[in-house]
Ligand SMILES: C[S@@+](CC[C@H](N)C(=O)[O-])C[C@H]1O[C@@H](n2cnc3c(N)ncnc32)[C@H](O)[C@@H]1O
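One chain comes next, on its own, written as structure tokens: the form predicted alone.
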């Protein structure tokens, strides 16, 4: 058994979900913060649990061949956990992660795991960012959360953000620190400004700026600040106040007030345009989104006679691409404002063969099936928790000829594929790097009915 503050020598052979190195000593698992695959390190144990210990690197005996000096100056930030691994190494790790998870959780021994579809330039890829605002030692800090905490690292330049957003935020942060604006406190649940959210269209370069506030105490401050920002940055076409008085950790509430400009911006995916409102869900990496949709569509042999269901459809992005080839597309999404966006997006793109339904997929899909509504093909793109059992059960009964599963979490994907294997064949997994410099990997899988 190990003890707190004990020094150990350990080789790292895996990574955890938050980018920490994983090694074993006497078959006991140790998570080592600051280490990556291939590192041989001296580390100090900082916590001991029954099944594992947590340690931090003291020095490197032999650094990993994948280790590089990160370009980012904010290493305390928890956003880019794997930035100390060269990009080729990141892609190799993500392929290993998919393969290992499919075997360990799904029981799939002979799946073809494709090389991860990466980016030519894995920086400046985000079209949406959320900046928490907090007081730290009496000073306003605006940036991103420190690893494994809600402490805010003060940041005004992030390498994965669009350059225009970095310039805007640098100015905005300076101006905010000059005001006497009230800042939200997570413990007391008092204070005004909680988060700043930015959205940018990579095609038009138009920006939406959102102030997330706890009520209306300092509305005049952000109204005056908004006028200054829009004067300095004409590309900011929309400035919104989002009201979130909830005591939980959800970033945005459901009430929006337009301060200046429009209540939306327009973004594009290939030849389709989409209205983006403050609460719209859109993949945050537009470059990789096009590759993701191309991959998903290439797996489906859609004909003009086919009815396709798109579950967890968001604002209808992939639904509209499917509709260009199908007889009809039925989209299902739990967020009502997203469904309204989806309907408007179908109209603006002159697509008339879609139907968008609001509700929980685990309730809507069984009800549709009971009414005799079926689909020839289904696309699912669920949140990280994966598919609800009721969805899987209904799809197994409905038995569409093919299902394309788009997943943002490999472990729940593997779990769900194991259940589908009762009636469906899974032969290959196509991973895609939607979030460079993190441990997250997107996957696209084709399931074919036996």
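Numbering follows the first chain given and starts at 1. This one's a predicted model, so the numbers in the text were calculated from it and none came from an experiment.
As for the form predicted together with the ligand, it is not shown, yet the points below apply to it.
Within 4.5 Å of some heavy atom of the ligand in the model of the complex lies at least one heavy atom of residue 314.
Contact annotation for residue 337: none of its heavy atoms lies within 4.5 Å of the ligand in the model of the complex. In the model of the complex, none of the heavy atoms of residue 286 sits within 4.5 Å of a heavy atom of the ligand. In the model of the complex, at least one heavy atom of residue 318 sits within 4.5 Å of the ligand. With the ligand left out of view, the stretch that reaches within 4.5 Å of it through heavy atoms in the model of the complex is, among 380-388, 395-403, 52-60, 419-427, 380-388. A heavy atom within 4.5 Å of the ligand in the model of the complex is found for one listed residue only; from 74, 93, 131, 293, this is 293. Checking 177, 203, 250, 360 for any heavy atom within 4.5 Å of the ligand in the model of the complex turns up a single hit: 360.
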